[in-house]
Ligand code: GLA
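Presented as structure tokens, the chain that follows is alone, the form predicted on its own.
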């Protein structure tokens, strides 16, 4: 089993805390975003992949109306408890509980009392926190799969993804799109997930064995629950409303606007709003072009689009940072790196590199040296294998 040690740790902790085996254990991976940045809430396209690190959530029904959560990765095993009637956003203290609590809340359509009984759960994982690999979505998806199992709730994958997204919006306070949850659910070993967030259609696209991904985690803290993400989302929505008024075809989101139309009509937008808008517009076009290139087996061409994507983040969306730019600039100088860009929301976190796997050690050494020269400390480099999506564990 992938990440067997983490599974053993979580189930052993469950037995120690509650006695016996959990009624259900679910696993959900983190994700890397490969191409298509901030396009999900613009009803656009994204290439992503589930990674080979994730979160296990072990749960059993409670004997009463108590919800008990144990977070193994917080202070060695922090516990949060409440009654069904008190399932609500945690405003201070154990705010980590908002992810599983919110997921539980929306699994029952905002009426957790409908569950009848509470539950007891232990969770833990090995996704580096703050790396932009969506540990939060992995927790939400492992939570929703395990709880759906123990409560006998049946819902399709996309509905489960939307439950996690709603938890993020209402309990965690981050207005995320659906990318992270969908990537965690729809991942497949050795393949990318190509997502269409207008139709909520998800397909797997093989990458081949000649290339791999490398995650390079900067030491710039990654945090989205602040005004930076929200302000950019608002700018995209404002731009879409503007284009709906000046273009002669229907526009509901920036997916409906082309780069050529942006060039012609950008003058009617405030400069910052115009800069923000061109990023997801260009990203959609890069994802569609990338799909064509992968079908032809042109991974080098696909990598070039990743470099272009980062330049758009750096110059237009301004969701990069000095540390991420240093990593990408160092990667550009290495022939065995075919592409590199920030992954996820930005403002810190990680970069995703498309690499020749046989040169992984060389690539990691050169990027580490460049980063250490600039900042005095070292990034974390790891080869990432596109892996299977979230599932119940039968072990």
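Positions refer to the first chain, counted from 1. Please read these numbers as outputs of a predicted model, since none were measured by experiment.
Below: the form predicted in complex with ligand GLA, not depicted.
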>> Whether 27, 127 and 187 jointly form a contact site for ligand GLA in the model of the complex is the question; each needs a heavy atom within 4.5 Å.
In response: no
>> Given a 4.5 Å cut-off on heavy atoms, tell me which of 342-350, 322-330, 58-66, 360-368 is the interface stretch with ligand GLA in the model of the complex.
In response: 342-350
> Is there any non-hydrogen atom of residue 119 lying within 4.5 Å of ligand GLA in the model of the complex?
Replying inline: no
> So in the model of the complex, does any heavy atom of residue 242 sit within 4.5 Å of ligand GLA?
Replying inline: no
>> Taking ligand GLA as it sits in the model of the complex, is residue 44 near enough to touch it, meaning that at least one heavy atom pair lies within 4.5 angstroms?
In response: no
>> So, residue 97 and ligand GLA: in the model of the complex, are they within 4.5 Å at any heavy atom pair?
In response: no
> Of 106, 229, 171, 202, which one comes within 4.5 Å of ligand GLA in the model of the complex, counting heavy atoms only?
Replying inline: 229
>> Pick out the residues of 150-187 whose heavy atoms come within 4.5 Å of ligand GLA in the model of the complex.
In response: 176, 177, 178, 179, 180
